[in-house]
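Form predicted on its own, single chain, as structure tokens, below.
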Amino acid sequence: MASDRMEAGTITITSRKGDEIEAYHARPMEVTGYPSVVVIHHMPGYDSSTKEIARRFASRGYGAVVPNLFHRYAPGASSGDAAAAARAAGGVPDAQCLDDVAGAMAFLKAQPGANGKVGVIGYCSGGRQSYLSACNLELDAVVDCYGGGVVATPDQLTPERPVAVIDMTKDLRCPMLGLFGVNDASPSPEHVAKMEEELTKHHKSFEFHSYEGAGHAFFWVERPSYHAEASRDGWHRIWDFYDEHLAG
């Protein structure tokens, strides 16, 4: 049930390893038994656009937390500077990302109004990290919004990301929704097809939608890449998917 009353703001959560993490929390007020979502920010970082997504979830009757995955690299810096520092350091290690997402999940499950079900959604690099999380954590649903890098060749692997996420597909633990642009280069249509192939091979529950005329970051209203039709349809599919798997 949608609610027009919410509480939102910056908080501190604790990762699975005990690290303190800056995060943004939005939740509906005067609602009990609500589902929850971890929102993983895009490569440009923990910014106002991602926080707005969290508030959008709260307005729909969901609790949402955005963990700042870049907070260790440039504490107190702007989202852009922190993102640049994270990239310079080789990117967020997958193990560290999983610890932070697990901490966000634990926080959401502990909220007195929550129903205990938690999904994850991510955009750009966060889409890859959502796929990663769903293969390694006990989530109830995952949405991958144009996550590049899920398919990776051996020469693209690093100490921070030592295993291609596509190779973890057999361990996917929940239903997946994937939203992609046909004009995107990362992930390309060929990589999306590879993901579909792996998900089908391992008998996973998933639905993918690729939008003609849309490229990367088609949800981001502040960029020229914004594609109104794809974004509008994508949000409808997100609500239907999460209402089915989290709200019940």
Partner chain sequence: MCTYLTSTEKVAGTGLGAQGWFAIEEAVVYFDHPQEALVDHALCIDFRAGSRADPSRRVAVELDAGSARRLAESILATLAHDEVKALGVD
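Please read all numbers here as calculations on a predicted model, not as lab measurements. Numbering follows the first chain given and starts at 1.
The protein also exists as the form predicted in complex with the partner chain; that form is not presented, and the subsequent description refers to it.
Of the candidate stretches 120-128, 102-110, 173-181, 136-144, only 120-128 contains residues with a heavy atom within 4.5 Å of the partner chain in the model of the complex.
When the partner chain is considered in the model of the complex, only one residue from E207, E222, E212, E197 comes within 4.5 Å through any heavy atom, namely E222. With the partner omitted from this view, the residue of I166, L98, A114, A84 that lies near the partner chain in the model of the complex is A84 [heavy atom within 4.5 Å]. Although the partner is absent from this view, G61 stays clear of the partner chain in the model of the complex, with no non-hydrogen atom inside 4.5 angstroms. Using a 4.5 Å cutoff between non-hydrogen atoms, A152 does not count as a contact of the partner chain in the model of the complex. For the chain shown alone, M43 is a contact residue for the partner chain in the model of the complex, at least one non-hydrogen atom being within 4.5 angstroms. Proximity of A185 to the partner chain in the model of the complex falls within the 4.5 Å heavy atom cutoff. Using a 4.5 Å cut-off on any heavy atom, the residues of 57-83 that reach the partner chain in the model of the complex are, in sequence order, Y73, A74, A77, G80, D81, A83.
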